[in-house]
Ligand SMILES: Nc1ncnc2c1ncn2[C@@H]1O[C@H](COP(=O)(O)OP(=O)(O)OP(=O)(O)O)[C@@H](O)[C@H]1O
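Shown below, as structure tokens, is a lone chain in the form predicted alone; questions about how it binds or moves come after it.
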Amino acid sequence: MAVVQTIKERCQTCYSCIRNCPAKAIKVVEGQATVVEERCVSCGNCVRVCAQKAKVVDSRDMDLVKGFLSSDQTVVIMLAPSFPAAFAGVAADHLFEALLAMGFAHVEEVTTGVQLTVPKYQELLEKGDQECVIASYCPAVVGLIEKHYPQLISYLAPIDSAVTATGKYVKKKFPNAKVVLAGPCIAKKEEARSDKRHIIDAVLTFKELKELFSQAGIEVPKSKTEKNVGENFLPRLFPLPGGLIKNLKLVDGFIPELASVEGIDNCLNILQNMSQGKVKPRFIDILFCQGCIDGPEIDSDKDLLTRKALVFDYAQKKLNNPARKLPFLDLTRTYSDQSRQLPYPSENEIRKILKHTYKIKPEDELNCGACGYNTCREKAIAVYQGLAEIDMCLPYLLHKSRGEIEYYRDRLKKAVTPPSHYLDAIIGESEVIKNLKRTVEKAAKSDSTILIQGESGVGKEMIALAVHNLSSRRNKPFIGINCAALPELLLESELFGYEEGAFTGARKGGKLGKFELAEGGTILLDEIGDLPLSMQAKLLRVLQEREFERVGGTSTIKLNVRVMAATNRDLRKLAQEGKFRIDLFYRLNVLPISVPPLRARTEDIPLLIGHFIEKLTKDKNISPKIVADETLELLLKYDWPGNVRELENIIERAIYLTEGNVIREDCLPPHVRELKGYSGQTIKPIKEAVREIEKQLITEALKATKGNKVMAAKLLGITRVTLYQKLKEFNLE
């Protein structure tokens, strides 16, 4: 469980946490900004900046400490050296007494760990075995290096932090004790939990410690502290900026290249520059905050300067305390590469993501930062990596909302949809689709019968609807019926209707048929190739006479309907086989429209994919997705026996299986994934392939030299004897 958690109902998608996260460890899913534990360094910056208090620190350690104190176990609390800043106006003795009253057996200051580790640092620097030393006291810095700058791990000092060193000291002094740390740092919780040595049993922030005092009914009395002047108080100055360097007493002659780095921006800059080889200081005293007195859970209303003065005053007061002799402890520490490489998009994939939010040209990239990222491209990369959602773009959302308002305003002004809209529903820019659109426009101008032919799934009904909507009958009904879905007896009554009492179970008052329901409009007879022969004869009469009777009726009803038929079967062949009336075929085939299969227009596949993704994500109210280049490559290789319908189904499946914003190969069905690495060429034995290539090259060489075998042999780089042998072998003599 992550140290920093999100209360979802409080998150208002202000993206402040993204904007202020140094590790880019925030992931937005359905508008909720959550912490990615694998990337988080537990710096607590998101907790500080979240105005809605949606980011909170995991407080389970409070329950652990309560359990320790209520048991018979010895419990020791370690106080971070910044405690004078957190408990302003409280004398240290009074604070210690309150802690003992709460049930802690002993109070140990973390300055003990400073005294233990500083000699180790001096020894490390004097030896000079490590060309660059990065102090390992700050857990947020260590986490940042282990998770995001693993190339710098070798520079981390192989020495325990002051907290861990103090914990080892306490464990040695109280072997069976439970050790609790109280400090301003959230990252210390993560450091303690991930340390497999289990030195620290629980970590409380100063804020949580104050809450425990309140729950226990213990009030810590405040009193004025007196100032003492002195110099030998260095360990207690550790939480101040540059505190480690002060403790090491470094002088210019000892370590000429040293740096004291505090603050998030400075830390990120120095680590990035070091990872790129731009700088390499000999030693870096580095803290993520402005010193530990600026920790995220310091819980102090005092300004930074006052906090410094409080720590300084306490250090001076302890000047005359006699120095303790500390035991030898093994303070060796190791680190591990915890980085997880995120996928990086190609330039083409970045452009696809930017295009979704109307960023076509560089000047369209406003880089307004409303999404939490510095630039539009940075956000596009985060989208590809699954950290951001495509539509979390303020200019895009404003543009989209304006577009919707204008759309409905236009709809109110005029209820007529422009004809171009219906042609736009036929997705594609290939030449065959352009020809199809032209045919549809021409067919719409007439009132003749249309036969639409094409494989299953190519979109024959959509073509019929486009013709209807472009025609003069657009304001009348469009009725479709699947001729293969109904038995013969039921099909007749469905097409022509029936009178009351026409057959057993007939509805009282009778029923209108599809032809009557389509009065003045269009009827589509889908799967006409499966129409029974007896029904074919009746349909032929209707088309010829333009009239019909209901089942069980005697009165003739005039037909005022445009008839379209659609089929995926070869009607000419069926007619030759006696399965379809040739006269009905000619009656239907007045205006034939052939819809091409998807494999004949593969250049339209990216457009269709984009259309289906936009449609499905909008209908299902889910975040838009993009298709990775390698996924698109597989989709282009597939031959699509199910045509556009199969493509739509596969895209819908992929959208639901996709984690994040990018549809990858593993979201495709197995039979499509199998095409990876397939070039489209037939696999054959290498020897056979080599023979074919040799024969082809020799033939081309002889053509180029007009049959001159000497010149051909030179072109091929072989001897004349070898050429003659090959000519005989391949029967080319």
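Only a predicted model underlies this, so the values are computations on that prediction, with no experimental measurement involved. We number the residues from 1 along the sequence you see. By rigid core we mean the largest C-alpha set that fits within 1.5 Å across both forms.
Quick note: we don't show the form predicted together with the named molecule, though the next part is all about it.
With the site C-alphas superimposed, the ligand pose in the predicted bound form sets the named molecule onto this chain such that no atom is closer than 2.4 Å to backbone or C-beta atoms; an open site results. Note on the interface: of 90-98, 381-389, 610-618, 331-339, the segment with non-hydrogen atoms within 4.5 angstroms of the named molecule in the predicted bound form is 610-618. Note on contacts: among Val114, Val644, Leu571, Ile663, the single residue with a heavy atom within 4.5 Å of the named molecule in the predicted bound form is Val644.
Listed residues Ala575, Leu543, Met462, Ile270 were compared with the named molecule in the predicted bound form; Met462 is the one with a heavy atom within 4.5 Å. At least one heavy atom of Ala425 is located within 4.5 Å of the named molecule in the predicted bound form.
Residue contact with the named molecule in the predicted bound form: Asp294 places no heavy atom within 4.5 Å of it. In the predicted bound form, none of the heavy atoms of Gln122 sits within 4.5 Å of a heavy atom of the named molecule.
Although the partner is absent here, Ser456 is a contact residue: one of its heavy atoms lies within 4.5 angstroms of the named molecule in the predicted bound form.
Relative to the superposed core, Leu156 undergoes a Cα shift smaller than 2 Å between this form and the one not shown. The Cα shift for Ser336 between this form and the one not shown, taken after rigid core superposition, is smaller than 2 angstroms. With the core held fixed between this form and the one not shown, Gly428 has its Cα displaced by at least 2 Å.
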